[in-house]
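What follows is one chain in structure tokens, specifically the form predicted on its own.
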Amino acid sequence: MDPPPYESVLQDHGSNNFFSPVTAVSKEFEIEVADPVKQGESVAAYVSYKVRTKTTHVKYHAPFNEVTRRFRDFAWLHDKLVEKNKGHIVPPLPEKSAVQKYQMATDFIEQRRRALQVFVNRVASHPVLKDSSELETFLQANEEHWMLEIAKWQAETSAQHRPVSAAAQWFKNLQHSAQSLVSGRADEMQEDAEYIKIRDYINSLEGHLTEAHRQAGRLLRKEADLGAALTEFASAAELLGKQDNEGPMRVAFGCLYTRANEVAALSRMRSEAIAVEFAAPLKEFARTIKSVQVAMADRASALSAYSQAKSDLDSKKVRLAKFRGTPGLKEDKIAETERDVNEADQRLRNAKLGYETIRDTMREELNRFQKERAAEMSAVLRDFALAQAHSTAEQAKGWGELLRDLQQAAVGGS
């Protein structure tokens, strides 16, 4: 099945003709993030959104529901999905910006609204994430239930980021890295060669997409600058024409004023369209690469845990063999070591299962990701080329009409 087109997760708020209407991104969900409202002032300010859902999913108690959510709530959904779906590519959230949040400019609010709508619709079209209890809670929980979920999540997040536990994990990882170097069994050597190729491709793709987005930003700014320059040029032409009371120059410069303003409007509209239809998808593609890298990091952590468990079992087996070969050692000491070996063996089995589960999940996820993104990128580039050709033709038409106006004015003045 082809992936949903990027424009299917955008909507028209009446402010931009280039927005496409919301359409269902899957057979089960149609989700709209709308009506952004600024709440509070200064650093405590935030924006709330209406999240409206139409669904035929059997888990949902009503075909339509509306809730109020803020950026923090979307972050809850994202983080919960990442936590509970290791190896899956969870759609990315838009980046946080302390400066933009403080300013709360209209453009920033609208860009974030669109990005949040893309995010939640991506989740709802994912073959696994769409069935998650987290998405159901996000889309349907009433205010009281939702605030309890957020409070619980914030408490859990605070506990997980205690410095002592982080330092302990860092030291544990350092020990394992040293052991791997000594034994010559680096984790990467245990990975599939084909996966390593894909991983390296993904890592290089991030830089290329980031640069493409940067250049798209330059393109839309140049288009906006051209529109502004043409508007100023049109005003200057009008003033110049007024110096010739009723003569032919007044008519000619009047025609120039009219047509230059029309072309300027086309440039402004094209700049806005590039931002939404080209720059925004490129930025989202780049963010998605980071989501893929998160899944890859989960895989690397699982492999590291598997290797650590294997090393731990090996060392405990050596210790048990040593005890068994020691004359006069108490039986309870040997029995205790045997229990340690059995426990380490069970941890190894669990770690192996965890790694293999993520590995198999990622095989399907990477295949899906590559197919969908290739189709979407092709569609975005095709639409960009068509829009550029159409815009250039319209601008050429505007200058052509100016030429016709000037020729008519010259005939009329002769």
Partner chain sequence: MSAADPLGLLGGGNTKDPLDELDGLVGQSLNLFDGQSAVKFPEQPVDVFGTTARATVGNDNVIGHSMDLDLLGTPSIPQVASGGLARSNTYGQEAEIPLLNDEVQVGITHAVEEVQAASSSSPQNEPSPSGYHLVADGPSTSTGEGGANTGHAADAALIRVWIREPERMDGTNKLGMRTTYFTYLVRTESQLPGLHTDGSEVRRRFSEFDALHKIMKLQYRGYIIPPLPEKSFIEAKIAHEDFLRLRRADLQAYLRGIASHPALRESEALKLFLLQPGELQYNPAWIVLLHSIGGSTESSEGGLLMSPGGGSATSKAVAGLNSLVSWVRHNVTNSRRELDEDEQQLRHAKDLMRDLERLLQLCCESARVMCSHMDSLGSDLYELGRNMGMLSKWEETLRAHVGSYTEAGFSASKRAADCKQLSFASARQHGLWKTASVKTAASLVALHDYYIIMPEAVAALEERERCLDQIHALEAELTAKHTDLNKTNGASKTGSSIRDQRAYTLTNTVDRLQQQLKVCRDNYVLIKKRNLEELRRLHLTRERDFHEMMGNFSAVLAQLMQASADMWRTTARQFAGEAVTPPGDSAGVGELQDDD
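Positions refer to the first chain, counted from 1. As the structure is a computational prediction, the values presented were derived from the model and not from experiment. C-alpha atoms forming the largest set that superposes within 1.5 Å between two forms make up the rigid core.
In what follows, reference is made to the form predicted in complex with its partner chain, a form of this protein that is not presented.
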item: Candidate stretches 59-67, 45-53, 353-361, 373-381, one within 4.5 Å of its partner chain in the model of the complex by heavy atom; value: 373-381
item: Its partner chain contact in the model of the complex: F233, any heavy atom under 4.5 Å; value: yes
item: Heavy atom of V294 within 4.5 Å of its partner chain in the model of the complex; value: no
item: L386: touches its partner chain in the model of the complex, heavy atom cutoff 4.5 angstroms; value: yes
item: Partner proximity in the model of the complex: F253 to its partner chain, non-hydrogen atom cutoff 4.5 Å; value: yes
item: Position in contact with its partner chain when the complex is considered in the model of the complex, options A305, I150, L205, A115, heavy atoms within 4.5 Å; value: L205
item: Residue among A229, A321, V128, L329 with a heavy atom within 4.5 Å of its partner chain in the model of the complex; value: A229
item: Members of 221-245 lying within 4.5 angstroms of its partner chain, judged by heavy atom, in the model of the complex; value: K222, E223, D225, L226, A229, L230, E232, F233, A236, A237, L239, L240, Q243, D244, N245
item: Shift of E143 between this form and the one not shown at or above 2 Å (CA, core fit); value: no
item: C-alpha of D73 moved at least 2 Å between this form and the one not shown on rigid core; value: no
item: Core-superposed C-alpha of L226 shifting 2 Å or more between this form and the one not shown; value: yes
